[in-house]
Ligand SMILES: Nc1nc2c(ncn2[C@@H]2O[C@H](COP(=O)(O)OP(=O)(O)OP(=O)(O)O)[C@@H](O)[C@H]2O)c(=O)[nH]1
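Single chain ahead, written as structure tokens, the form predicted on its own.
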């Protein structure tokens, strides 16, 4: 019996898609930031305060992830910037494929800044690469 070495990372498909996203963002000069935190720590509030500081017409957009609702997307849409909801249907974090699909019909070349509001959780790993330039971790201290 011969053995076949299996050294491929389980998450290699995510890493490949994330690398493609990162290259696309860099090609178009887009800063992509991934906001992560536990539920209720303030990701959406931080985005509201940030978006209200931009003048209309700024090249800013938001992808927001949630397990079941579009509440955050509704809150953020009132600022007039493109917002798209990614409803995960039970998955407790975003992955690169979800981000890629959400951006499929957007003209990303028209953006300078893309925020990804990841699903708030305390269980799933938040380390999945989404093609972002940086992760912003929001902590809430009681």
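Small disclaimer: the values here were computed from a predicted structure and weren't measured. Residue numbers count along the first chain shown, from 1.
The discussion below concerns the form predicted together with the named molecule, not included here.
Which of 86-94, 36-44, 108-116, 53-61 sits within 4.5 Å of the named molecule in the predicted complex, heavy atom basis: Correct option: 36-44.
Residue-level question: is residue 120 within 4.5 Å of the named molecule in the predicted complex, judged on heavy atoms? Contact check for residue 120: yes, within 4.5 Å of the named molecule in the predicted complex.
Would you give me the residues of 64-87 that have any heavy atom within 4.5 Å of the named molecule in the predicted complex, in order from first to last? Counting only heavy atoms within 4.5 Å of the named molecule in the predicted complex, the contacting residues of 64-87 are 72, 75.
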